[in-house]
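Below, in structure tokens: the form predicted on its own, a single chain.
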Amino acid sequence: MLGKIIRNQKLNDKYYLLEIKCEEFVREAKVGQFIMINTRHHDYTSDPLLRRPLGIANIDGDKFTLVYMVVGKGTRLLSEWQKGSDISFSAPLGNTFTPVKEQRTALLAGGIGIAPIFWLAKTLKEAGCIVDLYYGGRTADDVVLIEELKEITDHLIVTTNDGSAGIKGMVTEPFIDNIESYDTVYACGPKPMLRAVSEIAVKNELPVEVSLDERMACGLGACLGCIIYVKEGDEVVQKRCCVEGPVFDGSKVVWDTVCK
């Protein structure tokens, strides 16, 4: 697919917000999916060869939004794209979250995990849910779009490891304090966080969906580079994170194979 960049906004020294106009993409996209986006500026080069996977953070009219962190060459090149440029990307990929209606929901996001959680929060709010978002980062630079998040949540609880924003500590701590308030839990972020959230939810007999951020080369299930293991009945089976995921039932993920 091909779209036009509406803005590529620097949020801070680490994070960017990319907004792209593409009616075809918007018609197909569902909450929880991701895209593989081209980051190189010229088609006649092959560096970087592979596209980069990014979660869809929002849909608004004929535009969609991505939030990304600059961590290597691909995302650094992406940060240099200018407004008005045409950029190529895949169709929406992967499976989706399962939004509920009129429930009390807890959403947990760690760092760049806020991307798919943002759209999910908006979706749940529109479905009549109470939406509490627990948003954690290492420092204040890892928690972005705070004012926008306040508009689509009932309660926004921010935590940072160093205390530079919100509550000092892990994002799971205030979540545990309020665990009895919720009907359903969703999460996206670092794998140890997702494991902890899933274990807390299971202990309290709450359904939990997690969006896993695995390394992806093709995004189509061909390379088998993003395999994880999940429980199906008495068996443990392989799943491709890019096709059968990225969203999984957190109670069924074999976390010892994910958090290596």
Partner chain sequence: MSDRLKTTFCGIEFKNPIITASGTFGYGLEYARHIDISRLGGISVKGISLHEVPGNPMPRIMETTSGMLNAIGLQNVGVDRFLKEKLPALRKHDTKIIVNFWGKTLEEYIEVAKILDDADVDMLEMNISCPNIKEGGIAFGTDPDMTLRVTSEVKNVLKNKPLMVKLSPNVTNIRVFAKACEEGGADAISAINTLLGMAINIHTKKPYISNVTGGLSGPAIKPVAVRMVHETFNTVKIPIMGIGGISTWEDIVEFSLVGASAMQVGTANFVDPQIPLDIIDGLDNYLANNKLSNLSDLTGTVDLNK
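Positions refer to the first chain, counted from 1. Only a predicted model underlies this, so the values are computations on that prediction, with no experimental measurement involved.
Unshown form predicted together with the partner chain; subsequent notes refer to it.
K.L.:
Which one, 28, 205, 232, 60, lies within 4.5 Å of the partner chain in the model of the complex by heavy atoms?
P.N.:
After the contact test, the surviving option is 28.
K.L.:
Which one, 91, 176, 127, 146, lies within 4.5 Å of the partner chain in the model of the complex by heavy atoms?
P.N.:
Of 91, 176, 127, 146, the residue with a heavy atom within 4.5 Å of the partner chain in the model of the complex is 91.
K.L.:
Look at the stretches 153-161, 119-127, 180-188, 91-99 and give the one with heavy atoms within 4.5 Å of the partner chain in the model of the complex.
P.N.:
This holds for exactly one stretch, 91-99.
K.L.:
Just checking whether residue 12 would be counted as a contact of the partner chain in the model of the complex - the rule being heavy atoms within 4.5 angstroms.
P.N.:
Heavy-atom contact with the partner chain at 4.5 Å: absent for residue 12.
K.L.:
Residue 40 near the partner chain in the model of the complex, any heavy atom under 4.5 Å?
P.N.:
Yes, residue 40 sits close enough to the partner chain in the model of the complex that at least one of its heavy atoms falls within 4.5 Å.
K.L.:
Can residue 48 be called a contact residue for the partner chain in the model of the complex at 4.5 Å between heavy atoms?
P.N.:
Yes, residue 48 lies within 4.5 Å of the partner chain in the model of the complex.
K.L.:
Is it the case that residue 221, even though its partner is missing from this view, gets within 4.5 Å of the partner chain in the model of the complex, heavy atoms only?
P.N.:
The answer is yes: residue 221 has a heavy atom within 4.5 Å of the partner chain.
K.L.:
Using a 4.5 Å cut-off on heavy atoms, what residues in 183-217 are near the partner chain in the model of the complex?
P.N.:
Going through 183-217 in order - heavy atoms within 4.5 Å of the partner chain in the model of the complex - the hits are 214, 215, 216, 217.
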